[in-house]
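For reference, the chain that follows is the form predicted on its own, supplied as structure tokens.
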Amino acid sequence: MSAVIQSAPPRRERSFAIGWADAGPFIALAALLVIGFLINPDFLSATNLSNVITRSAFIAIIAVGATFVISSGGLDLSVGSMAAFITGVTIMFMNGMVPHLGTWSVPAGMAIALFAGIACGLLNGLIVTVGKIEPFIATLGTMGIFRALITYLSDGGTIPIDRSLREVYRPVYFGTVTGIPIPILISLAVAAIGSFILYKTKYGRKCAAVGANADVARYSGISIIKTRTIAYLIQGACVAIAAICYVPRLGAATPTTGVLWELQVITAVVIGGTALRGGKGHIWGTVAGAVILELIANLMVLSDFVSEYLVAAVQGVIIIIAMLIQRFSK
């Protein structure tokens, strides 16, 4: 009896520590908001925050998919190039369908974007699982393929959306529902669905088990190939959804679309508390991480402390610090 009583406090302490670890991204987000307000009171204006969170929606949506990939023990460096490729294919399809479908080419283009995203995700997944190539190498290769394809399709220039579709498509990015920008609502919906899948379904548990220890998961009867391939499928679908939201923002696709998005996505996932080695994922922490990155970039623009041209450098420093924290906390 005494042994049982003595063992209880350590378990309570561990649970308490895990709770604080999970809350870390949100504590950092709150601290950043306070610091930003002290530096520039306009930082917390409703207009500025709305713009910042809307811009972070693309990375947040893609990062939700990346949470599945990383928590299952994988990695995807191709998300930025994939987004550019999907954006280009979507615009080209919609432009080609205007004479036949009119404004209905917009929803048809969205369907094509989802199909293309899932196909790209399946390609990555099969190369990694069936081809048994390291995720870093496999997705580094597809990153080059997708970037080359969008450059070829655009002939090194831009692929603009047809003028007749701009006003129809515009609300997807610039529209609001009860005052909330549509990209924010879409990112919240994607995060909610992703959270349900990761935390409440058998697949979510399998995903974490495969990431934690693939050999043990295999001996338990879990299909490593199926689990990781589905994770890449989810990643592809999330990239497609982000691309759908991104099209009306600039109204065109270029070879530079999505450059360095993979850095931002991985950084958001790591900041959010997902273990880069796999086995642990936090969807809402990932979303908070994406917002943190955009807030930091916005703060750099509003202040004179660091040049806004060093945003990528700051993001690189953040991911290194986040990885060091994970390493030492382990």
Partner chain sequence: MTRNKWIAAAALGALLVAGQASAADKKVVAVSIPAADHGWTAGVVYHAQAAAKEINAAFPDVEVIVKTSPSATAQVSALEDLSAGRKLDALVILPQTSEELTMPVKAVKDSGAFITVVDRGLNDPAIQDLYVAGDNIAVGKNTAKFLVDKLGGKGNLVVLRGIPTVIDDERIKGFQDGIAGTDLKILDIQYANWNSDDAFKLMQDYLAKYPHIDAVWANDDDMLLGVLEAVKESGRTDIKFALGGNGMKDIVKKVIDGDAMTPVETPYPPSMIKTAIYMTVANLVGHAPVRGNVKLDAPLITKDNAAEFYFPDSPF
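Residue numbers count along the first chain shown, from 1. Here the rigid core means the biggest group of C-alpha atoms that line up within 1.5 Å when the two forms are laid on top of each other. All values derive from a computational prediction rather than experimental measurement.
Beyond the structure shown, there is the form predicted together with its partner chain, which is absent from this document and is the topic of what follows.
Note on contacts: among 156, 102, 107, 131, the single residue with a heavy atom within 4.5 Å of its partner chain in the model of the complex is 156. Put simply, of 194, 255, 135, 80 only one has a heavy atom within 4.5 Å of its partner chain in the model of the complex, and it is 255. Not displayed here, its partner chain is kept clear of residue 276 by more than 4.5 Å at the level of heavy atoms in the model of the complex.
Though the partner is left out of this view, residue 263 does not reach within 4.5 Å of its partner chain in the model of the complex, counting heavy atoms only. Its partner chain is not drawn, but in the model of the complex it has no heavy atom within 4.5 Å of residue 33.
With a 4.5 Å cutoff on heavy atoms, residue 301 counts as touching its partner chain in the model of the complex. Of the candidate stretches 25-33, 63-71, 39-47, 266-274, only 39-47 contains residues with a heavy atom within 4.5 Å of its partner chain in the model of the complex.
Heavy atoms closer than or equal to 4.5 Å to its partner chain in the model of the complex belong, across 169-196, to the residues 170, 173, 174, ordered by sequence position. After superposing the rigid core, the Cα of residue 305 is displaced by 2 Å or more between this form and the one not shown. The gap between the Cα atoms of residue 315 and residue 36 is smaller in the model of the complex, by no less than 3 Å, than in this form. In the model of the complex, the separation between the C-alpha atoms of residue 315 and residue 299 shrinks by 3 Å or more relative to the displayed form.
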